[in-house]
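As structure tokens, one chain now follows by itself in the form predicted on its own.
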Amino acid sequence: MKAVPDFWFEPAPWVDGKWRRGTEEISVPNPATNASLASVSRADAGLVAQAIEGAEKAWTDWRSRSPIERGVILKRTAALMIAKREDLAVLLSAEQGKPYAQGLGEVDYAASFFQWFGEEARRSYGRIAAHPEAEREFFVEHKAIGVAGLITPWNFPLAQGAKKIAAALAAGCTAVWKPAERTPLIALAMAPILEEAGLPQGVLQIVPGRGAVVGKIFAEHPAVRVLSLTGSTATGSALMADAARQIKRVSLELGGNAPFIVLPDADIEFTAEHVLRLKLFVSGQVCVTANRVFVHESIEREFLDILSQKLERAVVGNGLSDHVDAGPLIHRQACQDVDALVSQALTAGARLVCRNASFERDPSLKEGSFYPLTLLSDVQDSMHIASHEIFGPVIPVLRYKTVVEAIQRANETPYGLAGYVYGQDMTSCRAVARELEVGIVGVNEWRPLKAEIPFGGIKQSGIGAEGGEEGMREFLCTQVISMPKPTWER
């Protein structure tokens, strides 16, 4: 069992380089045991406004610094995170619930964004464009937009923060970060790391607080020029409406309903292993997880047999324990929500293939928020479990007859975040992938997201992108300067 390290930070808002106390304290529990990890001070409206104003003051200096200098600080942050990866991973596992190995992976993934944008900072190129008048020319420049309001979720509390922070700071913006109410500790743990990396005071402010309070201030405060949210579609819609009053730019990564299409020629053993990895990852609490697994009728029985054997061997337990494959859900209400979807599906005719409740063997977990790994077959498109984001360790298998039918059904959703295609004929896989109405497709790959490429959804899954060269553009505006060409008298 991994022990939570002594905190190297204060459980309180980080504003202008100092720990500040709010007016309200909340307990942060370990979802595996419900035991309290810490009492965290929340930022009230006044402190959030102070953080925004501090970031606005810091912006004048930060945007004027060389992109290379900003990049050095970001890359130094990445190196410091890797040096402290074990402590960060344990804190992640304790606060969020995911297994320690997944916590290590998230630390590495988060650090890769600081490294990538540390390198990308120097590549915010402008250009000189031709003017219709021969004696003039255009200078097209990309400039930092201003203060960024960043709102991140509890399922990837470190990585989602890193995506936004690194891109904003590389662009020359300053930022105010509101971590999820359930997972503020890992965000606060980053403050001393960024300070040690050389980030000036006020460039990044960290304000744990109530979402309704902080989101409203971000939308209304005139100094905040761009809002970046990762969260539910309902939250994104509300924030977008509030931001519209001041015509603020928004970048939204929202809900999903990812199809996972298993083609008739797929390697069943390999595919079943990847489906299970995807659903064990953060116990299915991932916006890009396989929400609907479409399996061709000719291979369905074999696929279910192999997948059920693998599922039954998995270990569900405390993420801080050794050899655990999946941890708890974030809270008890999440378990109830997932169970309601499963119960409705079973009532409507779905079949329970198998369940894995291995966590029940450990009496220390009786107060935790665990849900059994569950495999369902005979799932229909009309069932709520096929049309709603499950956000739990449930694998619903839907049978199909033709690939054309599978593609059509896969696209019959208002969401378009991610999709997966598994098969051995790469020409067919590529053709199917191109037809899916989603932002990213993994072909025989269950985790295609990387710092080097853009990630974002279409339809009700979001606006904008994170990662890649596109990720920094969310925090840049364009200015054109029309100038006379210099002349030389001969």
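This one's a predicted model, so the numbers in the text were calculated from it and none came from an experiment. Residue indices: 1-based, along the sequence shown.
Not pictured, yet referred to below: the form predicted in complex with a small molecule.
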Original post:
Does each of 30, 102 and 107 have at least one heavy atom within 4.5 Å of the small molecule in the predicted complex?
Top reply: no
Original post:
Of the residues 380, 364, 308, 232, which one places a heavy atom within 4.5 Å of the small molecule in the predicted complex?
Top reply: 232
Original post:
251, 271, 155, 356: which sits within 4.5 Å of the small molecule in the predicted complex by any heavy atom?
Top reply: 155
Subject >> Options 179 to 187, 135 to 143, 89 to 97, 348 to 356; stretch whose heavy atom lies within 4.5 Å of the small molecule in the predicted complex >> reply: 179 to 187
**OP:** Spell out, yes or no, whether the shortest heavy atom distance between residue 239 and the small molecule in the predicted complex is within 4.5 Å.
**Re:** yes
**OP:** Find out whether any non-hydrogen atom of residue 455 is located within 4.5 angstroms of the small molecule in the predicted complex, and reply yes or no.
**Re:** yes
Original post:
Does the small molecule come within 4.5 Å of any heavy atom of residue 212 in the predicted complex?
Top reply: yes
Original post:
Taking 4.5 angstroms as the cut-off for heavy atoms, does residue 205 touch the small molecule in the predicted complex?
Top reply: no
